[in-house]
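Below you'll find only one chain, the form predicted alone, shown as structure tokens.
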């Protein structure tokens, strides 16, 4: 990993984290943070404490430089040109596809489809697979903790096809009830769509076990991996999922690009999602012959720079090591959770035994938007709202939460700043 030395703003230090442990040494985390220019910013005169990583992570200089290099020296449209720039751009874009394939353990590069993000990946499967293979009376299973992007497309399909949407319930800790999940299956079950990690609760679902159950009934499974792929090792062959979707901007890459993995045999059976250039082999006014996968699902000019930038982000994350990332983020979560539980009037929403680094909470009768606004005055960026998971909020009888979500470049000092900021919020409303 190419490390850039930069001066960093110093966060106020407290002794609270003296016994906390991490996969990174102090010098390692300092070098990592130096790669992220935005972490050098001040907000309202305070050092930026960026804890909104579940919404979008920050981008290291290495990825920024790769994007700039492409735009400055390599930019051209891909796949159709015979000139040098087009050939070079095509090579770099397809190299990024190979990086994604290796990153998630896919069998073949043709199983990797570039999309605009997780949401488009889910919609592509709904249109390409669901509209072709799901009909009247069929059933689709999703969970009670899904992001809206893994609810609404399936509702649309059920309305169109007169199919039925069935919901896996969860307990008060935010854990899916696997016994109830098993009871939902019958001869009409045709598809399952699950979040790998809940964006609102942080719950890590036992997806390998759940996929195995679905496959006993012949139902393909789509995993929403937006909150998993940046934070833990994912091997789609080991999981045996049929589809897996995630986004670049949550894993230190640019916005506007994401990935759909699909088993080749299923992708080949699916109808195209969009029509246009590059998804065809031959077009006449009488008939169009579609291109081979993955190009059958990549109509038009893609986000070329963003795709190459995603490849650079994968290089960066891989150099740090996903095991190290997961261990450090878990240490941050445990430290933050313990400190948060000591604050009177604070309630953590989402207390599953297996959690990713997401801390959602409510505080006294203070609206989460007020919490987020006051924390911003302290330079602390958190998310406040329903997190595109309104059914989750309804399940817990609340309108919204404040959510701190951690990344590998966050520190224990920043957790201390968050806890101090929450105490400041309480004082304002005392």
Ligand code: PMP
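Residue numbers count along the first chain shown, from 1. Just so it is clear, the model here is predicted, and its values are computed rather than measured.
Omitted here: the form predicted together with the named molecule. The next part is about that form.
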Name the residue from 63, 380, 371, 54 that puts a heavy atom within 4.5 Å of the named molecule in the predicted complex.
54
Looking at 359, 210, 197, 141, which is the one with a non-hydrogen atom within 4.5 Å of the named molecule in the predicted complex?
197
In the predicted complex, residue 147 touching the named molecule (heavy atom, 4.5 Å)
yes
Is there a heavy atom of residue 117 lying 4.5 Å or less from a heavy atom of the named molecule in the predicted complex?
yes
Tell me, yes or no, whether residue 249 is in contact with the named molecule in the predicted complex, where a contact means a heavy atom of each within 4.5 Å.
yes
Decide whether residue 222 counts as a contact residue for the named molecule in the predicted complex under a heavy atom distance cut-off of 4.5 Å.
no
For the chain seen here without its partner, which of 171-179, 98-106, 147-155, 348-356 has a heavy atom within 4.5 Å of the named molecule in the predicted complex?
147-155
In sequence order, which positions of 151-173 have a non-hydrogen atom within 4.5 Å of the named molecule in the predicted complex?
none
